[in-house]
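What follows is a single chain, given as structure tokens, in the form predicted on its own.
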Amino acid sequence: MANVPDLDVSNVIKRFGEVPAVDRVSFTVPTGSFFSILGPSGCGKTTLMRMIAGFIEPNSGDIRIKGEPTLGIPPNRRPTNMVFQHLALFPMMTVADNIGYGLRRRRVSKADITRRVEAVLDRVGLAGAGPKKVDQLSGGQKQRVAIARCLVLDPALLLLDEPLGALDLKLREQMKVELKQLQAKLGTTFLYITHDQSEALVMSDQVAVMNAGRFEQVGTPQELYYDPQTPFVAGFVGNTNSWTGQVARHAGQQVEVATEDGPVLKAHAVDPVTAGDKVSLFVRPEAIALRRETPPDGAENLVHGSVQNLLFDGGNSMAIVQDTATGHMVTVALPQTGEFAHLSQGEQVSLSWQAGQARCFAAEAPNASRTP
């Protein structure tokens, strides 16, 4: 059917006792896309995926795959397959036998199994690896075998449950790129869950940020990073600096916030606010300009401070600067131009940023979340 999404989740609720693990979640996943659900441990993302896979049933709501209802249909009869964090490959079997296992369970002929296994090995870049044992493979190759074992069954939807979590850091970074390229090559719809924001931002076409059983925001990685719509998203996705305070004055979406530390900072208000409202304010480290000299006139936000720590991480190096007036710590991303190669601890600097680069939100109760 034309324009029918591969996955359509509508108002799904799942409770364990009185606790709502998933609370009125709705979203769609377009055909051929890479969609990630990002959130901290315990937010409900694994429960949601297990409902899509058919391992548990929702208390209410609807889940449709390719436009077809799935409630009451067991996992083995749904057009989905899942790649688990620990892969669950059979070490006593060859690569080909691992991949063909599901086909044998479906009583597919040996000749057809051989043909389909060879074809899928070629698709995932492992042509000729069929006779190898699993323990002869690298971590990245094992990852591709686990994906091939799912793809050989021609699922409409491939579910990936934190599949990079067991890999070392260097391999995980490599596999993020490989998975994105593989998904684009295959054209299969991927639904990926993770607590790692870097995985979600690097690989996904769209990301849903989940908190306390609900979606805070759904959007492209760029939208989530540069235009967060809730304080949770602003604080959870990427590094950020934050202040709390009260609105001193406002003009439309431009606000001035008297922070609890003392200085008045200007920002773009995401929520409707008025004078006296309690708010939280966020600004990204890379939005802040660090200078050894006084910044030019026109800086809408200005802080003077001293360098407390330097965090070297190649292209992601940071400086931690303490505001001289308030003691507030501000994290600043250092440009890789060589200008600050010899920046030293204790050095006096100025920090500045524009109001449009800061986001201001009305204060909420702890753990509150919003429906996007």
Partner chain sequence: MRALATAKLEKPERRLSLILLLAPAVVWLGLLIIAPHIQLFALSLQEKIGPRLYETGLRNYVEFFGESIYWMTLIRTTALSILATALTLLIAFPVAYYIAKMLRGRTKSLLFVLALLPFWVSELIRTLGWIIILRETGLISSALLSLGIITEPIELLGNDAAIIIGLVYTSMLFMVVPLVTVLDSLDDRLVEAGYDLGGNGFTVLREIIIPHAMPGIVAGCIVVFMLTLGNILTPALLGGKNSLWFTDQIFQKFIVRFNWEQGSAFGFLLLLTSSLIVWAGLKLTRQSLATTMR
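Numbering follows the first chain given and starts at 1. Definition used throughout: the rigid core is the maximal C-alpha set that superposes within 1.5 Å between two forms. Just so you know, these numbers come straight off a predicted model, no measurement behind them.
What comes next is about the form predicted together with its partner chain, which is not displayed.
When its partner chain is considered in the predicted bound form, Leu302 lies well away from it, no heavy atom lying within 4.5 Å. When contacts are judged by a 4.5 Å heavy atom cut-off, Gly128 does not count as touching its partner chain in the predicted bound form. When contacts are judged by a 4.5 Å heavy atom cut-off, Gln136 does not count as touching its partner chain in the predicted bound form. Proximity of Gly102 to its partner chain in the predicted bound form falls within the 4.5 Å heavy atom cutoff. Site residues Asn76, Phe84 and Phe90 are all in contact with its partner chain in the predicted bound form, judged by any heavy atom within 4.5 Å. Segments offered: 210-218, 171-179, 103-111, 271-279. Contacting its partner chain in the predicted bound form at heavy atom distances within 4.5 Å is 103-111. A single residue from the set Leu153, Leu71, Val202, Ala287 has any heavy atom within 4.5 angstroms of its partner chain in the predicted bound form; that residue is Leu153.
Though its partner chain is absent from this view, in the predicted bound form it lies within 4.5 Å of a heavy atom of just one residue from Thr80, Asn241, Thr259, Thr194, which is Thr80. Core-superposed comparison between this form and the one not shown: the C-alpha position of Pro91 differs by no less than 2 Å. Core-superposed comparison between this form and the one not shown: the C-alpha position of Arg106 differs by no less than 2 Å.
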